[in-house]
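Shown here is one chain on its own, the form predicted alone, set out as structure tokens.
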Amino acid sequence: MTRLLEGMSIGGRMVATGRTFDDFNPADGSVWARVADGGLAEARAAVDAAHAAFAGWSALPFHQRSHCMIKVAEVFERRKMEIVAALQAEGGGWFGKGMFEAGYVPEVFYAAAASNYAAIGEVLPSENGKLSMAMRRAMGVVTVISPWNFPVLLTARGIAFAIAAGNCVVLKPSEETPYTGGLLFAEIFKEAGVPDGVLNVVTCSRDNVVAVGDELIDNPRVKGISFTGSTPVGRMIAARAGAHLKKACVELGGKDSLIVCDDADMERATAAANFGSFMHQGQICMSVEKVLVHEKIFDAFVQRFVERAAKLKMGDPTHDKSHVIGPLINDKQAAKVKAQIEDAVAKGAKVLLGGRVQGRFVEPTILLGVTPQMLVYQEETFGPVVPVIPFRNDDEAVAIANDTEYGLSSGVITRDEQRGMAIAHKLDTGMCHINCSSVNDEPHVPFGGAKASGMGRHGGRWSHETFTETRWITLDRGGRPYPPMF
């Protein structure tokens, strides 16, 4: 049954535009919802509503804002199974992925609530006997542009800490997941009793993305921007924010490597490769997109990796919970992945497993013989395709892993933790996980990348730093002397 979501949330009211766009189920192409199509006027009204709510929200005692975040978390917990179903239907995700995501989100809001009880500044030494303090305060209106791949989790990460700190938010979800990445949050904030205007949600079709996005960056009342998505769009947003001298936190794409050393536990290594490469069809910014394996164990690893990946079932995840590999989000993404496979094969790569594309469904695909001249080596794939590449020593593995413009995450599998740490220190990534895949996240950790994978950090006190401004305040208790001529 098609949902009618004809309004967006502005200042606590559902606002209709008279225009809608279709929100599709990627597994079967059916219209899952019809959603209000906002434009410049709605984006501007949402910023005004957030600005109007800021004075009251930021003035609340910190513990009251925390209590609101706890109530939001509790509503998410109550609605968990409903959210899982929506994630499967709107985003094409496996049941297990939905359970993880819906279960993770309450912890984000609990962590945001806890962040208000941490230190908000420092007492500094003073040459003049002053009480000298560095303090943090909310910025004002923060706009959050969230992605479609983990829409509930990544939206929560973008808004929770910013709002807990006293900011008010205008959220624009992806046009691919306007409900789970946007309007769901408006419902839950209303149900939790969060004051009107603290969170505003503007939905729009792809036709209106530029107008809405520009307003959410250029509007002078906007003080900070959080974006999670592709590197090309992130570059434009960061550049535009920089032109206005506004703070921007952008978490972008990746081309992450899993380095499997010759002393690796084979069971752990193949499990990390399988999960990291194929979880959610590889549609994760920190998916394993290159598996680098020491030449001494290369053949044994490849055999067991193929055996493991071959067991992953593909199909519509809303019809069968055992379908771990669901559809890619849209036809454009499926075509991109298909083009990478075809380019690799044309240039000499061998398809060891999978390789077939059936509409939006792409089989888990393992490639051998991939070289730097191939698109699958150079570009982010964001699909269930991974090359396995041999290396001779650790320095060569590091060189291959760093041979990309991206620098989000990485993984190293070795029984020697000292060796793992040595490799981790040489990798140009914002995150590295020893004896685990590159796919890792927790609400309170500094999540973010290097190079073309973004700037700024989400999570814990790093989110608090991202979404607040630092001020220097002094109390003169010693009567600082001025020159006698004054």
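Note that residue numbering follows the sequence shown and begins at 1. Remember, predicted model here, so these are calculated numbers, not experimental data.
The form predicted in complex with ligand NAD exists for this protein as well; it is not shown, and the discussion that follows is about that form.
Judged by heavy atoms within 4.5 Å of ligand NAD in the model of the complex, the contact stretch among the candidates 120-128, 227-235, 294-302, 370-378 is 227-235. Not displayed here, ligand NAD is approached by P147 to within 4.5 Å at the level of heavy atoms in the model of the complex. Taking the partner from elsewhere, W94 is found to have every heavy atom lying beyond 4.5 Å of ligand NAD in the model of the complex. With a 4.5 Å cutoff on heavy atoms, H280 does not count as touching ligand NAD in the model of the complex; it lies far away.
When contacts are judged by a 4.5 Å heavy atom cut-off, R360 does not count as touching ligand NAD in the model of the complex. Exactly one listed residue, out of T414, Q340, S174, N167, brings a non-hydrogen atom to within 4.5 Å of ligand NAD in the model of the complex: S174. Of the candidates V386, L258, V108, L154, L154 is the one whose heavy atoms come within 4.5 Å of ligand NAD in the model of the complex; the others do not. Residues from 203-218 that approach ligand NAD in the model of the complex with a non-hydrogen atom closer than or equal to 4.5 Å are R206, V209, V210, G213, in the order they occur in the chain.
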